[in-house]
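Read the single chain below, which is given as structure tokens and is the form predicted on its own.
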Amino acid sequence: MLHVLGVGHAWPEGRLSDSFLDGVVELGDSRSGSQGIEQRASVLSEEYIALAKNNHVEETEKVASDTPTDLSERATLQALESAGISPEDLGLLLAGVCTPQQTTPSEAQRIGKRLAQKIPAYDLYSSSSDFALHVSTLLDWKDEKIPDYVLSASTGCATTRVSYESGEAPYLFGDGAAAMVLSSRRTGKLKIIDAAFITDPAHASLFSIELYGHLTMSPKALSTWIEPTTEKLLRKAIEKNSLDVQTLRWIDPQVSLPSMCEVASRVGISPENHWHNLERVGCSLGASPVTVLSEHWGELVAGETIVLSTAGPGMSAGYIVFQSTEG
């Protein structure tokens, strides 16, 4: 069994407001892509976007306030502090990054360098479901093969890959990172009851991020894949683990607040048990759901169950079921 000993998150200081985007993005007054978001965390300044509209993504490295690794380092240090361990205690690094500045070394290796640790470090990334992938992978291992402490991290600066000329993407994406410290030997604040991860390559055309270019997302991605897949897997998690929908806490994938509120209503999860922060920071892809868990870390009550859902661009999805062992 895996336990979560600590979590952390990081966002850049910059924010992109609705009013700013409405004045920059063509047809921005339609607001069809806002998905309940009021502002988005961004490593890019409003001045840069207004001037260049990010038409040349290679220029962002010169003007961005943070790199994906800057954000993952801050999230990692917060997670280590909340877990009460030091970087030297880690035995394995797993990471995902949807917007790498380089493909070699891997993001996990870059984190290891920032921590001054030469330990096994691998990227396992799925754009939107990094944490479900990491946890599901570790649950397939024999406990004795898992190091005492494992770091799982996800980071991305999606706004550096968005074209601010037109479309829905400028209203949806933000930047951020999150991290969890996991252990199969030491009891933590949360124990992991179950996890699942799936991919759907048949729908891969709905979303793409060019390695050194812009990202694209079909308007159909939410209604035809993300929302129904999220609901299907949430119901599976509830049924498989005999969960009480009246009391469980749900963290949605942080892609669309209106559609996820509808999912919660159909499943029977009350608004007060539906946790989200999409409206304040936007969608940071794989990192988003765990940033919500990190914000609520100090509020956890012993015995409560949390279902964290992952789904979105990248056509991967999953869930992690946690039970709080201490308040």
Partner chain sequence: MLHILGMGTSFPETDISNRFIEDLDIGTSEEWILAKIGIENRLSTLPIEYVESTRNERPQEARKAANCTVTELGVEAAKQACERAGISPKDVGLVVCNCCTPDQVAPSEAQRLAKELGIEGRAYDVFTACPAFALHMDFLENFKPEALPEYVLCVSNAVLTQNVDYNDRSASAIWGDGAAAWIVSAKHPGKLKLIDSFYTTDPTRCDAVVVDTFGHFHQDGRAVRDFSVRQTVRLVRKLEQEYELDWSKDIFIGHQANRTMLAQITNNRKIPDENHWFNVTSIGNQAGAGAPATLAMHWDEIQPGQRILVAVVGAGLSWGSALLEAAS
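Residue numbers count along the first chain shown, from 1. Fair warning: this is a prediction, and the values are worked out from it, not measured in the lab.
Not pictured, yet referred to below: the form predicted together with the partner chain.
Partner-proximal stretch of 136-144, 76-84, 166-174, 233-241 relative to the partner chain in the model of the complex, 4.5 angstroms, heavy atom: Selected stretch: 136-144.
4.5 Å heavy atom contact with the partner chain in the model of the complex for all of 39, 131 and 318: Zero of three within 4.5 Å in the model of the complex.
Counting non-hydrogen atoms within 4.5 angstroms of the partner chain in the model of the complex, say which of 225, 149, 197, 250 makes the cut. None of the other options qualify; the answer is 197.
Within 4.5 Å, heavy atoms only, which of 184, 256, 127, 229 is in contact with the partner chain in the model of the complex? Exactly one residue meets the criterion: 127.
The partner chain contact in the model of the complex: residue 109, any heavy atom under 4.5 Å: Residue 109: contacts the partner chain in the model of the complex.
Indicate whether residue 158 is a 4.5 Å heavy atom neighbour of the partner chain in the model of the complex. Taking the distances in the model of the complex, the answer for residue 158 is no, it never comes within 4.5 Å of the partner chain.
With the cut-off set at 4.5 Å between non-hydrogen atoms, does residue 209 touch the partner chain in the model of the complex? So residue 209 counts as contacting the partner chain.
Give a yes/no on whether residue 201 approaches the partner chain to within 4.5 Å in the model of the complex, heavy atoms considered. Yes, residue 201 is a contact residue.
Within 4.5 Å of the partner chain in the model of the complex, counting any non-hydrogen atom, which residues from 91-126 show up? If the 4.5 Å heavy-atom criterion is applied to the partner chain in the model of the complex, 91-126 yields 98, 100, 101, 102, 103, 104, 105, 106, 109, 110, 112, 113, 116, 117, 118, 119, 120, 121, 122, 123, 124, 125, 126.
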